[in-house]
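A lone chain, given as structure tokens: the form predicted alone.
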Amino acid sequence: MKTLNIGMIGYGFMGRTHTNGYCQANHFFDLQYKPVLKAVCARNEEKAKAFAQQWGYESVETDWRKLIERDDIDAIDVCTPNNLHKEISIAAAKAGKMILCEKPLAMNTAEGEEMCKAVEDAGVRNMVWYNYRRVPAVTLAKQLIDQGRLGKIFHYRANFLQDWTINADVPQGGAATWRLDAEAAGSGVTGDLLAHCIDTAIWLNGGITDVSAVTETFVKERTHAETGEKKPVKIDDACSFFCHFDNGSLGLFESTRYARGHKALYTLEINGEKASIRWDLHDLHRLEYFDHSDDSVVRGWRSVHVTDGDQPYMGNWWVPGLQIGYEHTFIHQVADFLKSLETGEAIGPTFRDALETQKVCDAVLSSAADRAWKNV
């Protein structure tokens, strides 16, 4: 068994999901590489030590530069706010480390280009944590599309709805609410939520050529969590856009943090000449499927319970009928990454793959600002 020594930068929500993936992958997948939780890095030493003790990291650093300099670290996992992705990733690449970076790739396309060049020049393994590709039902959708079961695709629509920022007293900035601070996040729902939708769409349906978007910021000022100063809000609270895909199909995307009653409603639907599919994160183990070739007397939407051993990833889990959840998508991504180290094949989404999503996000924001169609 070969080891892969992990250096984790960040200990928040994503730090936990990634770490759980490292802990669980070898229990359920036959792999030649095994992750070792070598070090976790964060500015708050006390909290970093508590995280390390809870999850089993061997050591703690408070300076990510020192972590990257360590000879006993093979891979850097970047779980920081978006404004640190570029600097950390480029430094890690120059040090010859593998890099697993949280989404979105960067603050903008220009930063993403620099990151791609850095990892490609250094020849280091790289991956971005767009985890919804590895929901078994979504992976099954990919297989059905690639098999031609849907035929020519006409429509792709997706939305990602939340409601956690409706209260104007929610601050911006700081450890808990940096996603509301443009200086840390770059954008709002476009880079946070729609980026997931866009990555999945490109993976399932191919590239996006142009977009027409509208955004809105409903709360114009918020108190900064660290300074106490009232500052303008510069992120997008809501975004909707139309687009064309390379294959001629039309896309419709919507995301907001102002949809009261929705905590994390992510849905997608694809309509083809022969069949349609749809998926809902709230029922993530099911794929709804409509096949027009069915006999008319029984033709209709069917709900496929994705738990059988011949369906994506499920042969590594329980018995048919018993479902898995959100956290398993990260276990699958770790397992696929470790397997790629055995085979030598790149595993997506790579930095270069994620750059395509970044380009769409930038085009969306530019379109909304200029109230015009924009090419990607």
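These numbers come from a predicted model, not from an experiment. Just count from 1 along the sequence shown to find any residue number.
The same protein also has a form predicted together with another copy of the chain, omitted here; what follows describes it.
- Taking 94, 142, 149, 224 one by one, only a single residue has any non-hydrogen atom within 4.5 Å of another copy of the chain in the model of the complex, and it is 149.
- With the partner removed from view, the residue among 170, 90, 214, 184 that has a non-hydrogen atom within 4.5 Å of another copy of the chain in the model of the complex turns out to be 214.
- Listed stretches are 225-233, 80-88, 282-290, 194-202; the contact stretch with another copy of the chain in the model of the complex is 282-290, by a heavy atom cutoff of 4.5 Å.
- When contacts are judged by a 4.5 Å heavy atom cut-off, residue 2 does not count as touching another copy of the chain in the model of the complex.
- Although the partner is absent here, residue 154 sits close enough that one of its heavy atoms falls within 4.5 Å of another copy of the chain in the model of the complex.
- Another copy of the chain is not shown here, and in the model of the complex it never comes within 4.5 Å of any heavy atom of residue 121.
- Taking the partner from elsewhere, residue 178 is found to have every heavy atom lying beyond 4.5 Å of another copy of the chain in the model of the complex.
- Contact residues in stretch 309-326 (any heavy atom within 4.5 Å of another copy of the chain, taken in the model of the complex) are 310, 311, 316, 317, 318, 319, 320, 321, 322, 323, 324, 325, 326.
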